[in-house]
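A lone chain, given as structure tokens: the form predicted alone.
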Amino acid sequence: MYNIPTSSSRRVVIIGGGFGGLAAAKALRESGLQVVMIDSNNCHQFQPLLYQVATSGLEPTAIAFPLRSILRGRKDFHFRMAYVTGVDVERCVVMTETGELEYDYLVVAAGADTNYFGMSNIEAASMPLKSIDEALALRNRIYRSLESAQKCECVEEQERLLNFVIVGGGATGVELAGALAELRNRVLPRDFPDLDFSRMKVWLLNASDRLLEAFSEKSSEKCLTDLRAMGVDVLVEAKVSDYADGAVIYNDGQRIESANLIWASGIIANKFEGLDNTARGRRIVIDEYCRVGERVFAIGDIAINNESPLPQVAQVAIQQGRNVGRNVINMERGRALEKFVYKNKGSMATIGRNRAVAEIGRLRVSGFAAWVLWLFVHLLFILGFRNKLLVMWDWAWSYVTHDQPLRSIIEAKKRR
């Protein structure tokens, strides 16, 4: 099955081509093992910049890189595009919708999806932001709502179409709110001169008492101040409970009439049959070596060590992937395993043009300096020289012209 060449080497199967899966694959380059990566997409998606695709700041191809290109030229490295349905740890088999694949070592790096906390109305009505497909769908929704508002004669309906409600005050919610506010303030009035953009509202609702809870209180306060200065309506301690009759319901009955609900409030691990996804957020419990079993590892958003839980961010996944890659080699060579120790390299979030917050160790930076640092770090982690050039060009164009050029509604139509 899967037409993978026969090899005398043991086989490592990696489920997921995200940050953690790629880090593990790269760590196994000189291992002498056969490495097979499985993912339901054929490209790596740079998730931290999905919001810029959704708000017309970047081309989708700028943050997508073909996984086959990453693995190209490496001996006994293989990629197969497939949807994993489960794992049989007794038989050492990964099960997919098209067949089974045996493994000697397994690395589960399948990440997480949007968590709606059991609220079916919100799941049905809201727009998530966890993939390029979802980013493009959100971009289309934004411009369809604006086009509909342009034609609408009913004041109340036009208000609903011009209200954008973002739920979740983490980095994704904050960055998306800032980007939407900049679109409204700088770009859209030139495209829609007949619309009154003082009536377009960008709301950011957060259940806790401050934004960016992973940051210091000073950075959170700076973020709140900047967003409000940009015209974002921020509500803290606003717990969203439902979406009904065209309105977002929060705090026991308060309503915001809106046709555009964007959900950025939490994630839940992807689930596979045969693995114990019973920890908080449906995550898999791992030990200090990122192990689930004797030759099974789990890393990134899908994994949790209950003794020392870590945030579900890219740096954790990358460092765990490297650690697992080294430990697979250690197991093959009869050496002692290395315990995983997370090294926090800092946190940063951009708020808008020349506005950001960054925390690296004891260093706390905000404003233009933090914004430049944010640009540099994200550019550094984007895969591929061409992709880096595309991102640099789009950013430079937007900065100089105060314009977001990618404002087309593009949808694939089914053939008749």
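A quick note: this is a predicted structure, and the numbers were derived from the prediction, not measured. Note that residue numbering begins at 1 and tracks the sequence as displayed.
Another form exists, predicted in complex with a further copy of the same chain; not displayed. Remarks below refer to it.
- When a further copy of the same chain is considered in the model of the complex, only one residue from 209, 133, 245, 90 comes within 4.5 Å through any heavy atom, namely 133.
- The stretch that touches a further copy of the same chain in the model of the complex, counting heavy atoms within 4.5 Å, is 190 to 198, out of 190 to 198, 321 to 329, 223 to 231, 169 to 177.
- Taking the partner from elsewhere, residue 289 is found to have every heavy atom lying beyond 4.5 Å of a further copy of the same chain in the model of the complex.
- a further copy of the same chain in the model of the complex is not approached by residue 342, whose heavy atoms all lie more than 4.5 angstroms from it.
- Residue 124 belongs to the set of residues with a heavy atom inside 4.5 Å of a further copy of the same chain in the model of the complex.
- a further copy of the same chain is not drawn, but in the model of the complex it has no heavy atom within 4.5 Å of residue 295.
- Contacts with a further copy of the same chain in the model of the complex, taken as any heavy atom within 4.5 Å, map within 57 to 82 to 59, 60, 61, 64, 65, 66, 68, 69, 72, 78, 79, 80, 81, 82.
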